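Take a look at the C-alpha cells below, where one protein chain is shown in two forms, each on its own, as structure 1 and structure 2.
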Structure 1
Amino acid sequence: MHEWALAEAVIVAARQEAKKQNIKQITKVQVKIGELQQIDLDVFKFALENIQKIYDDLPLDENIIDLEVESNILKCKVCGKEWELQDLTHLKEDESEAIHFIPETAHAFMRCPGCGTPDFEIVKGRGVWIQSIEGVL
C-alpha cells in the first residue's frame, strides 16, 4: 500500500523541516491530504504510528499529527464545468485504484460530465503535503 510510503515521507519531511528550524521537539504537524489520492486514513494513521517509532533522534508522537482531507475540484478546459470525483458513478474498481496510486491517470478514465472531454484540470484535492509544523526550540 502506498499509504506506508506516504506516511514515511511525511515523517521524514517533518523531521527535516524541524531540524532546519532548530526545533528540538515537534508539538504539532498539520498534514493535508488531497481527496483525489483516496488514501485510507486508518491505514495512513497506523503507518504514521509505526514508522515514527523508527526515528528516535527527534521525538514525533503520532497524536500530534493532524490530518485534514482537502476536497477535490476538477474543471473542464473545454466547457468550464466543475465537478468532483464522487460525482462520477461509472468508475470501475480498478480504474479508481489506478487514480488512487497515480492521480494523473484520472484523465485516462474520467470525462467531463458536461461535454465528455478528457481535457480537464485538477484544481484542488491532489497530493499529500505538510501544511505546518510547530515545536519547541
Structure 2
Amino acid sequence: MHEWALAEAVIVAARQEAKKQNIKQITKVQVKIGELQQIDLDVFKFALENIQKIYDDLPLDENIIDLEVESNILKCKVCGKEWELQDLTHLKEDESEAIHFIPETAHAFMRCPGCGTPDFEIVKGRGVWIQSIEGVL
C-alpha cells in the first residue's frame, strides 16, 4: 500500500507546521484528498493511525485528522472546456493505478473531450493536501 508514504507525509508535515507555529497540542488537521488519486480512505486511516504511534512525543489522534474528498475538475488550456472525470472505474486497471500513483499520468491516457489535446490541467481534486492545522499554543 503506497498510501503509507502519503500518510507519513501528512503526519510529518503537520508536526513540522505545529512546531513552527509553537502549537503544543494539535486539535485539528484538515486534509483534502483529491478524487483523482483514488485513495482508499480505510487504508489511509489505518496508515495514519499506525504512523502516529511512531511519533508519540506530539500525539496526533486519528480523530483529529479530518479527511475530505475533493471532486476533480480538469480544464483544457486550448479550448477552455472544463470537465469532471465522472467514473474513474471506467479506466483500464493499469491506467487507473498509474493515476493513483501519479495523478498527472492522466495526460498519457486521456485527451480534452472538446478538442482532443493533451494540453489540459488538473484544476482541482488532484492529491493529498493539508488545508489547515488548528491547535492550542
Partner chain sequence: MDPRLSVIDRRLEKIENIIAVSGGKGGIGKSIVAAASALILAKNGHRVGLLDLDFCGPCAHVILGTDKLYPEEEKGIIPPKVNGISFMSIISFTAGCPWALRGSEVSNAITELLAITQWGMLDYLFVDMPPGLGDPALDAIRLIKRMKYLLIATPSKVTLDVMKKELQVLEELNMRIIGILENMKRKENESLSSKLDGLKVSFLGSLDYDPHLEEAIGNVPELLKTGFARQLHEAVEKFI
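Just so we're on the same page, residue numbers count up from 1 along structure 1's sequence. Rigid core: the largest C-alpha set superposing within 1.5 Å between the two forms. Just so you know, these numbers come straight off a predicted model, no measurement behind them.
The form predicted on its own is structure 1, not structure 2. Once both forms are overlaid on the rigid core, the distance between the two CA positions of residue 112 between structure 1 and structure 2 is 2 angstroms or more.
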